[in-house]
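Here you get one chain, nothing else, as structure tokens; it is the form predicted on its own.
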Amino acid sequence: MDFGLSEDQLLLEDTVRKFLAEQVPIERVRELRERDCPYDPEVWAALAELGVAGILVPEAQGGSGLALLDAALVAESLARAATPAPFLATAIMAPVALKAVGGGDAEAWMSAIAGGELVVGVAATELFSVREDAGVRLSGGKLAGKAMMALDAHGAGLLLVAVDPTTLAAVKTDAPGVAIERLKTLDATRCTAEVVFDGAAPEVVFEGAGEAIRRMLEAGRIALAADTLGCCESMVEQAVAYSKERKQFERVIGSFQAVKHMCSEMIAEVEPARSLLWYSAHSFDAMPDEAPLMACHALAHLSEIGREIASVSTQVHGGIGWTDEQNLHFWFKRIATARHLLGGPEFLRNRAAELQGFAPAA
């Protein structure tokens, strides 16, 4: 039995990586980070033409109707190039939630997502990590409160807000009573925001959406794990390449056994993580009962090895690895920020223990 990627998946991965290498080189990323939000609408429109924006959108709504494993390969490729793009919320979490809740509005929004016409932000942090008195309430058909670390919300046209574990509200970002402010984080390639609601009226409120919210978070965690894997791949490749060029004592540093060990240990950590990610993404569609547990394991594990690989690859570069002139910091900071976006390793492991009956549910 072949447990590798299919020819179509390899072609998808190759196509996206070639596009990013041509259209979003690291020099372009440096330019984009100076913007209020680094997402480039032209790049996103071109990715939409490639089918990236609508990769999980059903064919009936103009998307590709592919599986989460296919989307994870794209997430990995985007991160490998440190590409600023609203992929996580718009192309992964939003379509999963909208497909689950269904209805005419959801279908129209998915069509707009697939066409690259609509960027969707997701505010769900308060379901697993309440910060600074944050929290959103729905009363009398109006939203009030504050959502922190809303993914891809800055510059979005629509927000999906998890009011509580079973209620999902869709609200336009230009609606009266909605104020969005970008939150500055370590990661200059991703937009997160603080969203304040003051009597904002949602377009639609989906009651009894517990399954949709759960699936949305699972998909997001698996995609975020793929993002971290892509960062790790890039940092390992850069470290190995540097070790073959940099000389000390008239020898390339890659010939020193200590450096060889550092590089080989990084590779040894990446490869098993790739298998875990592929299985997790495959389980989302093929074995949905396993997906909640696998999503927790995948993101927790990738977050841990990501931090280690970010540190070691930078050490291989020596003092220059910590400078802005060297590009490693884009991936270093992306890994560090991703670690906290949809639950840190400690939270995810505790959740995995709950799912397996090893710990009482919170």
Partner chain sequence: MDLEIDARYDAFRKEVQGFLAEHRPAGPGGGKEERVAWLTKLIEHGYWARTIPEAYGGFGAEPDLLETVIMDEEFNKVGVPRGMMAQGPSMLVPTLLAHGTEEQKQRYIAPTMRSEIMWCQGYSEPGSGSDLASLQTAAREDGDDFLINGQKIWTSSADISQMCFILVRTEPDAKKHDGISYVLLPMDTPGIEVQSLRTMSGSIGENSFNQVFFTDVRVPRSNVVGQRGEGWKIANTTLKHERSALNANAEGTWIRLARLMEKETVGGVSLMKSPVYRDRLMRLQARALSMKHHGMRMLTANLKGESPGVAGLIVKLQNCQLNFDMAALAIDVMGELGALYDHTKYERGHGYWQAHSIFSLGLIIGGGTAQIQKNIIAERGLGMPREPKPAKA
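Residue numbers count along the first chain shown, from 1. Computed from a predicted structure; not experimentally measured.
What follows is about the form predicted together with the partner chain, which we do not show.
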TODO: Consider the chain as shown here, without its partner, and state which of Lys184, Arg137, Arg251, Arg131 has a heavy atom within 4.5 Å of the partner chain in the model of the complex.
DONE: Arg251
Open item on the list: Quick check on this chain: which one of Asp289, Glu271, Glu207, Glu211 has a heavy atom within 4.5 Å of the partner chain in the model of the complex?
Closed with: Glu271
Open item on the list: Test of understanding: in the model of the complex, would Ala170 fall inside 4.5 Å of the partner chain by heavy atoms?
Closed with: no
TODO: Flag His282 as yes or no: does it have a non-hydrogen atom within 4.5 angstroms of any non-hydrogen atom of the partner chain in the model of the complex?
DONE: yes
Task: the partner chain contact at Ala310 in the model of the complex, heavy atom, 4.5 Å - done: no
- [ ] Would you check, heavy atoms only and a 4.5 Å threshold, whether Val29 touches the partner chain in the model of the complex?
- [x] no
TODO: Using heavy atoms only and a 4.5 Å cut-off, decide whether all three of Asp40, Val52 and Ala188 touch the partner chain in the model of the complex.
DONE: no
TODO: Name the stretch, out of 240-248, 143-151, 122-130, 199-207, where some heavy atom lies within 4.5 Å of the partner chain in the model of the complex.
DONE: 240-248
Task: Residues from 244-268 in contact with the partner chain (non-hydrogen atom within 4.5 Å) in the model of the complex - done: Lys244, Arg251, Val252, Gly254, Ser255, Gln257, Val259, Lys260, His261, Cys263, Ser264, Glu265, Ile267, Ala268
